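Form predicted alone, single chain, as structure tokens, below.
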């Protein structure tokens, strides 16, 4: 590349999390990490699980899965679908939190068909650099945070003209239905002209990700370069933030009813100062935890954070959970359904499990129905990620359709009671 050649404008990529585990568990896609963390916590609590496409996870004791917990991408089922949908409509979400008195940056939304010229006028009026993001869809994802002039704004808009599902950094939750995905025809690579994007004032200061569950602040991560760019300096600062910033986080929580968990991104002058000095501005919120930033800041603490969120979800449902087991291994019986080539799939899985240190034994194979059953023994985080990737399609030639595990606990039985 010539020294004077400028890289095209595009969002920061969704970085997969490096787990430090052997292949094929060496990476976890960032949009699967929340589900993986909750899945591992369920196994540590000696619970049975059912896992379906879209990271729909049920965790329960015995045979009564209706008395357990359910998650989608790590989001507890206590979250209202209407509230989750609202979080993915940035214009409506802004209006609601602003009405509640929460400061937000100046912003407007525009359509691809006729809005480009108006977007340029608005960007000039609030002053470059500006932030460009899709109006609908996953929060924090596909954000272009440093658009410095009209030419770069045109490039950002051109990026968004591509059909979302063809964009490398696009992702969507399995429960989302606000995204306008369809092109005008099956052969088109351009999205509809009614697709909307937002131009937003860029706020300068310290970027902090706040993670709340059931109104309680569990984490605050300082992200010098935002949530998706390289962040070697990311740091957990929960115990350093000013008490008034905690109160601000709770105010944001109250402004968005119907959520069980929430990640809220704020920009402040100084997170250790009072809000009168730090002047927090809410720049993004999501109904998903997006714990890849916590993993980035402190990989060794992610299991503890996951267990705290898991117990918070259980407590909100009136379910008593014993403390998770401290043994380095769990023993689970498993059933995989929907395999396309049972014999080959079993050989693949056995080889992959051996590389990851998971003890893997198949007790029955049914090539007709595509069902395999057996037993796995190993670290709960490894078993959880192994099953997540089996269902996602990274371990076998084709994804399975359902994964069931049953805990084989030691003396004392299950830790789950209601």
Partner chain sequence: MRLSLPHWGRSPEKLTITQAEAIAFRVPMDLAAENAQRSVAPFNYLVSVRGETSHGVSYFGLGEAQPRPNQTGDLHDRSWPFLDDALAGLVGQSLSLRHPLDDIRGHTRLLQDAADKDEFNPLFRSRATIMGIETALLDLAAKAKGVTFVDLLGRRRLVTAPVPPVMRHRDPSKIDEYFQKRVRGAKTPLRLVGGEDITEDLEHFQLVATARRAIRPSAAAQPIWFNFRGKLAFDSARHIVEEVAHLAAGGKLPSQIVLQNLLARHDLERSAELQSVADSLAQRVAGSSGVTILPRSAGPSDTADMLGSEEGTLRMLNIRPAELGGILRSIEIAENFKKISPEGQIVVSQFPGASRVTQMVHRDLAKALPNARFVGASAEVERKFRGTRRLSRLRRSPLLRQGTGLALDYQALVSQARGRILHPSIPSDATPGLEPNTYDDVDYISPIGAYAVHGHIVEREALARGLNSWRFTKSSIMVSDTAGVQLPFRTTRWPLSGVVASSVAKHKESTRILLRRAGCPVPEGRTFHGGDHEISLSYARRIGYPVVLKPAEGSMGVGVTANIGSDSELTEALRMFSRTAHGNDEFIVEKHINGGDYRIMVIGDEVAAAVQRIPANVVGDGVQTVGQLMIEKNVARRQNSHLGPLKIKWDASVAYQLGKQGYTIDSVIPAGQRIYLLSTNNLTQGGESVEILDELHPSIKEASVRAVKAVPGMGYCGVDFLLEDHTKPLDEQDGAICEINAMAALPVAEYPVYGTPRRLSEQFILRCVEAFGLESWPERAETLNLRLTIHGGVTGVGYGKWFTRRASKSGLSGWFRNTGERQAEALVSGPTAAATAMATVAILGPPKAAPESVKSVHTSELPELDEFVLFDEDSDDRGGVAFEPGANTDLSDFEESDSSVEETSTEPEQLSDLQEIDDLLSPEELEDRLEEQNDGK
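The structure presented is a predicted model; accordingly, all values stated were derived computationally and were not measured. Positions refer to the first chain, counted from 1.
One more form of this protein exists, namely the form predicted together with the partner chain; it is left out here, but the text below deals with it.
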{"property": "Candidate spot 130, 237 and 272, all three touching the partner chain in the model of the complex (heavy atom, 4.5 Å)", "result": "no"}
{"property": "Interface membership of residue 56, the partner chain in the model of the complex, 4.5 Å heavy atom rule", "result": "yes"}
{"property": "Heavy atom of residue 399 within 4.5 Å of the partner chain in the model of the complex", "result": "yes"}
{"property": "Residue contact check: residue 366 to the partner chain in the model of the complex, 4.5 Å heavy atom", "result": "yes"}
{"property": "is_contact(residue 139, the partner chain) in the model of the complex, heavy atom dist at most 4.5 Å", "result": "no"}
{"property": "Partner-proximal stretch of 225 to 233, 264 to 272, 94 to 102, 147 to 155 relative to the partner chain in the model of the complex, 4.5 angstroms, heavy atom", "result": "94 to 102"}
{"property": "In the model of the complex, the residue from 125, 189, 82, 204 that sits within 4.5 Å of the partner chain by heavy atoms", "result": "82"}
{"property": "Listed residue that, although the partner chain is not shown, lies within 4.5 Å of it in the model of the complex (heavy atoms), from 166, 77, 298, 333", "result": "77"}
{"property": "Any residue of 10 to 45 that, in the model of the complex, places a heavy atom within 4.5 Å of the partner chain", "result": "none"}
